[in-house]
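Consider the single chain below, provided in structure tokens and representing the form predicted alone.
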Amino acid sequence: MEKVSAIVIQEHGDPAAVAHCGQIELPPPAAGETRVRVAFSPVNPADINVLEGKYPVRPELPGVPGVEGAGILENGTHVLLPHRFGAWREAGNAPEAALVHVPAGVPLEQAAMLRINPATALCMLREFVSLAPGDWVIQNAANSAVGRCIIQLARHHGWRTINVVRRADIIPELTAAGADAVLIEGATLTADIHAITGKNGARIALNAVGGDSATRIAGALAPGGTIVTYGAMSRQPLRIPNGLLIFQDIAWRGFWVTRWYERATPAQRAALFAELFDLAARGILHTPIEAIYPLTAIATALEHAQRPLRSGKIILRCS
């Protein structure tokens, strides 16, 4: 048995109070497994929800959180860790078949953040409507990690984005990143979007907020458009006006990347990762990092990750 450092939770609750850095015993790899030294793992909103006990998929207690990350095999190969591996640890044993090799040219810090947010953005832009160059994409929470990926991907493919935020100081940053329009959340949002898209409107809206924000961006869609909900930052339920269903025929859909991975074929997963790696290697997809913390500073890292004013992701250096 090897002892390695890991973040272990015994119960759910306040993230900084329930997450502790300690030692766990790591047995030798079983048949079909290999030892992985975890290099980096981000702190995602899903991780916060796991610690709080609010996420639908959680590790058995006591357990190690961390939904994604990247590591290094004993032969030096860089790999993406399996989904829900429990990445907040120094090392672990992983099924060899579940590891995804990271090609040269992709920084390991960026690779560690590809499996969730960039994958969510790319799948949502591809799975629900067929976008042509010049088409509009509406999104709220545009300064989130997923939102920034959507801006980068849309710019690359020639799609135009209308990006809804809550603070005016974010506008120059998102505009510099490639956003075509940035609007402030408010009662006139639907009319403001219509003024930009004109009579043709937008065919898709991506919702990570819920409540009134979701209703407003749905109301700005063209007839037959689709709104895709992948988050609920306001913790308010969706409010679906009858008229948007009856007269506008707006489709309300949901997306959860965990389910996408569960349903995807090996070929579909391989194609997704190949595209993400290519985009990351070329600098088209890039997630800014605000701070990197060791496992021993987990309380500080979690507090930092929950601050509302951040310019990048918080990630853990695990070994």
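Note that the coordinates shown come from a computational prediction; the quantities given were computed from them, not determined experimentally. We number the residues from 1 along the sequence you see.
The same protein also has a form predicted in complex with a small molecule, omitted here; what follows describes it.
S.K.: May I ask whether 141, 167 and 234 all come within 4.5 angstroms of the small molecule in the predicted bound form, judged by heavy atoms?
M.R.: Verified in the predicted bound form; spot residues all in contact, yes.
S.K.: Among 255-263, 59-67, 27-35, 289-297, which stretch has residues with heavy atoms no more than 4.5 Å from the small molecule in the predicted bound form?
M.R.: This holds for exactly one stretch, 255-263.
S.K.: Flag residue 230 as yes or no: does it have a non-hydrogen atom within 4.5 angstroms of any non-hydrogen atom of the small molecule in the predicted bound form?
M.R.: Heavy-atom contact with the small molecule at 4.5 Å: present for residue 230.
S.K.: Taking the small molecule as it sits in the predicted bound form, is residue 208 in contact with it (heavy atom to heavy atom, 4.5 Å or less)?
M.R.: Residue 208: yes, in contact with the small molecule in the predicted bound form.
S.K.: So in the predicted bound form, is the small molecule close enough to residue 145 to count as touching (4.5 Å, heavy atoms)?
M.R.: Output for residue 145 is yes: heavy atoms within 4.5 Å of the small molecule.
S.K.: How about residue 116 - does it come within 4.5 Å of the small molecule in the predicted bound form, if we only consider non-hydrogen atoms?
M.R.: Yes - in the predicted bound form, heavy atoms of residue 116 and the small molecule come within 4.5 Å of each other.
S.K.: Heavy atom within 4.5 Å of the small molecule in the predicted bound form: which of 161, 120, 110, 152?
M.R.: Selected residue: 120.
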